[in-house]
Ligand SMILES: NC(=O)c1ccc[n+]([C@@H]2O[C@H](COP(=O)([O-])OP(=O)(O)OC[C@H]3O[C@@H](n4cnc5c(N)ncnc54)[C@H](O)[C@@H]3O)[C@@H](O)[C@H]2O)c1
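A lone chain, given as structure tokens: the form predicted on its own.
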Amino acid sequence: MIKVAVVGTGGMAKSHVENFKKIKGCKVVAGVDVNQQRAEEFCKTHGIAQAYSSVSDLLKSCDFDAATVVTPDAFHVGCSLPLLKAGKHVLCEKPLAPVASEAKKLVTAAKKAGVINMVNLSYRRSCALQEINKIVASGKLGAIRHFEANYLQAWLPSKIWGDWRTCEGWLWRLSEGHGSKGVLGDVGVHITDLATFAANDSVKTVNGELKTFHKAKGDRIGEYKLDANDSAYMRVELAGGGVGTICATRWASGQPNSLTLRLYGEKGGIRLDLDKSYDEYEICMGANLDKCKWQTVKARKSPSIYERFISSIKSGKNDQPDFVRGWEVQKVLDACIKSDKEKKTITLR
């Protein structure tokens, strides 16, 4: 039995617990939150035996094998490091860290501890995405020439998930002082991973632009200064020579949570729209290439990140996406920020 502790009991924690409960041979045994009462309420709601107010108390008093870190972004490193040093397997929410240098600390600590480490790039659960990666890796699409990847959200112009002006859970995402890297750090991490994983390639250069729009009087609501980026745009060259764009915004009216990818190689193209399906994609290749005819394909089922994490612990073989992957994606985001600031193209090393 793999015993798992949940560190952070905010909105995403519920999903983590529910997913781990579905896995045979796995049990959630503890919940941690800086607010002890909130931790206790969460644990009571989800039938979890033990509640703690700190990672240090968890390590002192609880018998567990692994932890899933579901805290706000700014606390991922601070919570994960002591767990790794104690020899615990760790699944960490994205982004792995606010900057690449901090993410590298987790990579080093996980390697030294010899434990399973994964970052929750949750759209990897799309079996269509998993199949696209395999098609590209096989060479069937030929060398990638061009791609377009977009992550569009509508919660700034609309109230699709409630009124962000009155909800701390949304306001902190708009404030750098509260640990946010804006839409780039929040969902740009997902679309960057999705695009490069699908293309089976890494990023060579980034030319990025970030934009923060006026949203309230004095650009502030209470303690929240609204200074984090709302829209992010990257012009990217891949190591293999392909070029494309990666975009993310919270201002996409009518798009609650939309991820799309267009990927074009010298032998064909692939289209993925997660609004339509996580299991299906469209492909144009082979006999259909000259006719520009698209075929819809249903992908085979693939395991969730939670299943991959537990299976990795049992087998001792680290599945993807691991901390190295989280670090690599963060380097791209850091390059976008630097490019926007310096108004030039940044080459990743």
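One rule holds for the numbers: they count along the sequence shown, beginning at 1. Keep in mind it's a predicted model, so treat the numbers as computed, not measured.
Beyond what is shown, the protein has a form predicted together with this ligand; the following relates to that form.
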Quick check on this chain: which one of D193, E131, D186, D230 has a heavy atom within 4.5 Å of this ligand in the predicted bound form? D186
Taking 4.5 angstroms as the cut-off for heavy atoms, does S61 touch this ligand in the predicted bound form? no
With heavy atoms only and a cut-off of 4.5 Å, decide whether P72 touches this ligand in the predicted bound form. yes
Can you tell me if V34 lies within 4.5 angstroms of this ligand in the predicted bound form, counting non-hydrogen atoms only? yes
Please check if G25 has a heavy atom lying within 4.5 Å of any heavy atom of this ligand in the predicted bound form. no
Heavy atoms, 4.5 Å, this ligand in the predicted bound form: which of 214 to 222, 239 to 247, 268 to 276, 72 to 80 makes the cut? Say which one. 72 to 80
